[in-house]
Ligand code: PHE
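Given next, in structure tokens, is a single chain: the form predicted on its own.
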């Protein structure tokens, strides 16, 4: 919607870079390549692409259409379309707010690692502390983590303060191409390391992760589908209110179908590039250092902050250079995702001001949102991924089960990405399919023209998306509680 109160994109390219930037985050870097290798390699990739082109694009289309049709953020869009489902819109605002509690802390860690490698580069330091020692000392220094979290949040605040076109769009138009070229630079070094071919086999050869001993047994086909579907869902920033909010700023003349396929395609390409940048290097360095294959950290924060720092330490004098570049690109990925999360929450208050007939004050709203995010992130920083012994809810009831409540980050991650978001997407598909009907959004999706996409969208939103979302929800429960649903 092009109005002075809410803002709009200056160009479709700027919208695409912002949407792709939102999709490309830490999950692409530490989640996609690890899941791809342990879930069948190239076979997983085919399932991922199929689900991305069907379920992913369908939900993308639905959310972008909801935003553009109503001209409102997540909560306002749901409320306008169906008051019975406005609670789903509330989830789509609450989840980004809670996710920022730990995402901003992780962004601060990325900034701290970049500064460390930059310092080593400037002063010619080689053979720095091991990744495990460095990360351990960082986790047990909560005040330092809070300082870098504050810097990270302030940086994101300044970007969002510039508005949709002069802040978010302007940063992403520079940041995303820069991230792409830095990834290429790191990939070249990663795949040319001795034993890097082992990493490529892990990622692309079906069953290699089991045969080589990286995992104990091959997952079932249902587990592969659930894992691939979950990665598509979270990688594309679905059910987080982001695409609804970004869609509300989009010009009516732009093609939602074309943009959705571009976003999904670029996100997959960047995820693959991230895999090529990190997995061959991690496995090659592990083999060189004599680490047993089943002990090489290939996913999660350990991959990013322990394994890869050891990779850069092992490169000698050029290690700090590659470390600085890598953590800078990871920092950019964290920033592009965080500013989109901030915008979702801010848009809620902006829309409320407009509904009351008041002119919203973006800077004042952003200040309040970012202060609230800082307050919740302090808890995560002081918890230090469970290193500092803070109490976590339901530990006495459940004990430490899987990843559910090892630490505050896992607890909030389980509530949001594990349960609330898949549940929200499921009910969104129910709302569109059976309450407001697909035809209510088709004019936005097809620009008023009946075509094959009209039928495909209707079929997917009615029958495919609800089934897959239930499967993803079960997969998330299985992942967090490790109860073996799909074994």
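Positions refer to the first chain, counted from 1. If you're wondering where the values come from, they're calculated on a predicted model, not measured in any experiment.
Not on display, but discussed next: the form predicted together with phenylalanine.
Chemist: Can we say 13, 18 and 244 each have a non-hydrogen atom within 4.5 Å of phenylalanine in the model of the complex?
Modeler: Verified in the model of the complex; spot residues all out of contact, no.
Chemist: Is residue 113 one of the residues lying within 4.5 Å of phenylalanine in the model of the complex, judged by heavy atom distances?
Modeler: Because no heavy atom of residue 113 falls inside 4.5 Å of phenylalanine in the model of the complex, the answer is no.
Chemist: Closest heavy atom of residue 341 to phenylalanine in the model of the complex, within 4.5 Å or not?
Modeler: Yes, contact at 4.5 Å.
Chemist: Determine whether any heavy atom of residue 54 comes within 4.5 Å of a heavy atom of phenylalanine in the model of the complex, and answer yes or no.
Modeler: Taking the distances in the model of the complex, the answer for residue 54 is no, it never comes within 4.5 Å of phenylalanine.
Chemist: Any chance residue 149 has a heavy atom within 4.5 Å of phenylalanine in the model of the complex?
Modeler: So residue 149 does not count as contacting phenylalanine.
Chemist: Within 4.5 Å of phenylalanine in the model of the complex, heavy atoms considered, which of 259, 235, 416, 101?
Modeler: Among 259, 235, 416, 101, a heavy atom within 4.5 Å of phenylalanine in the model of the complex occurs only for 235.
Chemist: 70, 446, 458, 28: which sits within 4.5 Å of phenylalanine in the model of the complex by any heavy atom?
Modeler: Checked against the cut-off, the match is 28.
Chemist: Heavy atoms within 4.5 Å of phenylalanine in the model of the complex: which of the stretches 274-282, 213-221, 323-331, 236-244 has them?
Modeler: Only one stretch qualifies here: 236-244.
Chemist: Which residues within 39-68 place at least one heavy atom within 4.5 Å of phenylalanine in the model of the complex?
Modeler: Nothing in this stretch is in contact.
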